[in-house]
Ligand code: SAH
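Take a look at this one chain, the form predicted alone, written out in structure tokens.
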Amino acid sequence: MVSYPKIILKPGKETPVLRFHPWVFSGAIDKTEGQPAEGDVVECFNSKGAYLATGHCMPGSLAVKLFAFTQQKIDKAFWFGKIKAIWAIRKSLGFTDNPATTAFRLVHNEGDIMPGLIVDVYGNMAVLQAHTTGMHDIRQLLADAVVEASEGKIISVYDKSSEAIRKMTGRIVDDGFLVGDMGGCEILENNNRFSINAVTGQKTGFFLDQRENRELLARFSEGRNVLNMFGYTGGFSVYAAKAGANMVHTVDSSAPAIAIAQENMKINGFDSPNYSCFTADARKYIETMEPNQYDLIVLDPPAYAKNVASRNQALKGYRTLNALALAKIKSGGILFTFSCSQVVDRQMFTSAVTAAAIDAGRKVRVIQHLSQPADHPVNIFHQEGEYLKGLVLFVE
């Protein structure tokens, strides 16, 4: 058996690990045997010397991210086996061979017991995003594992880790293809067409986590005037137009995103003034738009809170944004509103939207609670992974 540096926990601090929580905090550590560097594989033991789990060494208060709970050699066979097992799960859930939907999340960090790694599939291309040094150091091995697990379906893998690694570690790394070479592609999502560019797009190129929520929106869109705020590349907009909306306006502060949104509307057959896209600040747009102009509004902002310290300010932001939309939406309208801030839980978000309804003086019914889809699983032992919260509201 290969010997790895050891992390010895304080007495009584092993309980979360025994319950398969994938994080070890520095305050739980009694001592370290060996001199592990950031990204190194380490093994965790309880105070009596019993093995607990294996993970990647991290800097700061979150000291280890765990990816195995049985003692074993962490080599190529281990990682290939993990990726192959995850591919099999996605296949069993109907994601790998669906001709109507050719994009899905293959690896969802803690949700797949692979903390620090995201892999999204777009047709025959995969986009890898490492959020830890440990995962970034083995990115080529992981890319090769994805290709092998796919049995020929994936022919190129793009590493898009630079922004995440810079934010998490301060290191400057380059993005680039690890396998093959293909910068852009077109995917289907529930038979809607979308242009994807992993190299220039945000995140991995598309927000796959809203797939089912976009499909739900379509059920309410016929005959309505729709506003898609923070619309990015127009996902909700395409669904609304396909479902028979009278008018769809897409708003985002990013001009490159809006350009792709316009392209996505066009390739789906919607190229008229009724389906317009605007580069504008969301709050200013809502403040200046005419009351009753829209009777279906989508609010899907970026994460307002990246950490606990910014949570209160984020809640104020959600309250203000939703109050503005609720004040302007037409009576009988429907509001789809979301938070993707992991540190803002469902109850906090619901309370912020409730306060917004009070501020706007509108009668509001919650008609549906929304979350992330099955290819963005939540590890039941790490419920912090439920980052996407949404409400569908009927406004009198």
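Fair warning: this is a prediction, and the values are worked out from it, not measured in the lab. Just count from 1 along the sequence shown to find any residue number.
From this point on, the text means the form predicted together with S-adenosyl-L-homocysteine, which you will not see here.
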property: Residue (of Phe230, Phe270, Phe80, Phe95) lying close to S-adenosyl-L-homocysteine in the model of the complex, criterion heavy atoms within 4.5 Å; result: Phe230
property: Contact residue in the model of the complex, from Gln210, Asn264, Asn322, Gln129 (heavy atom within 4.5 Å of S-adenosyl-L-homocysteine); result: Gln210
property: One stretch from 131 to 139, 280 to 288, 106 to 114, 80 to 88 that, in the model of the complex, holds residues within 4.5 Å of S-adenosyl-L-homocysteine by heavy atom; result: 280 to 288
property: Exercise: Tyr318 in contact with S-adenosyl-L-homocysteine in the model of the complex, heavy atom 4.5 Å; result: no
property: Close approach of Phe236 to S-adenosyl-L-homocysteine in the model of the complex, 4.5 Å, heavy atom; result: yes
property: Pro302 within 4.5 Å of S-adenosyl-L-homocysteine in the model of the complex, heavy atoms; result: yes
property: Contact label in the model of the complex: Asp159 to S-adenosyl-L-homocysteine, heavy atom within 4.5 Å; result: no
property: Those residues of 241 to 269 which, in the model of the complex, come within 4.5 Å of S-adenosyl-L-homocysteine by heavy atom; result: Asp252, Ser253, Ser254
